[in-house]
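Just the one chain here, laid out as structure tokens, in the form predicted on its own.
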Amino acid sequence: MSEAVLASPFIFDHRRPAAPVPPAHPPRGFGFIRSVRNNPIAAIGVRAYEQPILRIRNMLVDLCVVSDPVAIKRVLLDNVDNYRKGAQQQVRLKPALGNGLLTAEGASWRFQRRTAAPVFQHRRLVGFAGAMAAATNDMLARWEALPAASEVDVAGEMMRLTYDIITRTVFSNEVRADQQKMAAAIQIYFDTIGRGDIASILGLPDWIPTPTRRRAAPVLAFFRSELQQALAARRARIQADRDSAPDDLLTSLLTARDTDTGEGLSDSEVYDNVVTFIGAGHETTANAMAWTFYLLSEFPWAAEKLVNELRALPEDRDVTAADLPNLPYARMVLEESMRLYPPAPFIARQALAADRLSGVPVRKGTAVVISPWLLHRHRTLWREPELFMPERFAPERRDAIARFAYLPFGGGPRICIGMAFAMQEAMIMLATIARRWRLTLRPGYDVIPQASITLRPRGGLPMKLERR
């Protein structure tokens, strides 16, 4: 085991947060496909949590599930050119995200990554902290207007908040699409194309009109219409008077230039990446925050320790980016939350040529799956992996965790480009909300982690609001 907490006494609570019980004998064949469609993490058998590499090969699938950090490093870093994005994942993502950073391959991906990287430099991210705090304060003002001890769906509230933050930081509030309509559209997308169906699992062509694809088509048309209007208007504004355009992520993408060639992103590349930031970025951060508040509700000792840390912040101003290094426990809570409930529970690749992963032969065409859900709960990598223990990520222990044993943002050259943005956003949201409000899960409510492209609490998280 790589975890430094092995030698520590920090096990505060032996209650296990919500998670499906791994089946001793997972279903096979079409039963396995049905189980994957219903909830992929519930289909992971108990053996997978104990084996570094699990091979599944039959008439329907040739699959290699990798949980060995050394092998994962080979897939994501050392031999990365041999492992392209998984075919099923591409079928599910490309209809909405096009050829953006999350889905592009080869030279197209390298060009976009080089060109977009300066957009996410630290100095630029610090400038977005005010918008993040302001959006969070606006949500809290809305909570203030509710009757005492009101109950809200915290998962839905976090979706609404992160969408607000995205519209402020990407578009400077110049996209006027109704928030609820946009949020509903994103929900439909993740509930349709985002879920595995028989067509995607069997690799059927995109043109086959499955029920999920038919339901998703109006959603994709809505995205395209709304965002292309905003993109065209901003492009025209920049061309007319660059200094009059807002200094946000959209302007940065439209004016970015490749450091090697001086070439900029095309309108379609800008569009695809903006959709990626909205669809993937807002969804994943919202889920991470929802799971964090669920854990703080279940483990009030952690909430109190967090609040004690937050009391050191000045009460007469917003949380700023400069405050975040002084909040180590808040970061520990977030990192442990993303260990137990990784925002993206699966990373899929496909072998372009035969290879060996920690001595296990991998054939050309084999689907290689790295599951952060499984990896973060693997019994050979973590002590008491199902328990909530923020102290695993204490500064003095953090470096002892193997780099490729913890992947909330992926790893290697394709690590999430928005990782620093998301962490700053999450820290500001957590500090702003937790120092003023206590959120308590409805008694007896059955919390079910539901995996698709992202990891959501099925049916939301009804929680009571209490002022601190």
Ligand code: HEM
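Just so it is clear, the structure is predicted and the values come from calculations on it, not from any experiment. Numbering starts at 1 and runs along the sequence shown.
Just so it is clear, the following notes concern the form predicted together with protoporphyrin IX containing FE, a form of the same protein that is not shown.
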Select, from the options 306-314, 374-382, 352-360, 280-288, the stretch whose residues sit within 4.5 angstroms of protoporphyrin IX containing FE in the predicted complex by heavy atom distance. 280-288
Assert contact residue (protoporphyrin IX containing FE, in the predicted complex, non-hydrogen atom within 4.5 Å, options I347, A71, L265, A131) equals I347
Answer key, protoporphyrin IX containing FE contact in the predicted complex at 4.5 Å (heavy atoms) among L441, A422, A43, L430: the residue is A422
Look up in the predicted complex whether P27 has a non-hydrogen atom within 4.5 angstroms of protoporphyrin IX containing FE, and give yes or no. no
Answer with yes or no whether V36 is in contact with protoporphyrin IX containing FE in the predicted complex, where contact means some heavy atom within 4.5 Å. no
Touches protoporphyrin IX containing FE in the predicted complex: A135 (any heavy atom, 4.5 Å): no
Find out whether any non-hydrogen atom of M338 is located within 4.5 angstroms of protoporphyrin IX containing FE in the predicted complex, and reply yes or no. yes
Contacts from 107-135 to protoporphyrin IX containing FE in the predicted complex (any heavy atom within 4.5 Å), listed N to C, are W109, R113, F120
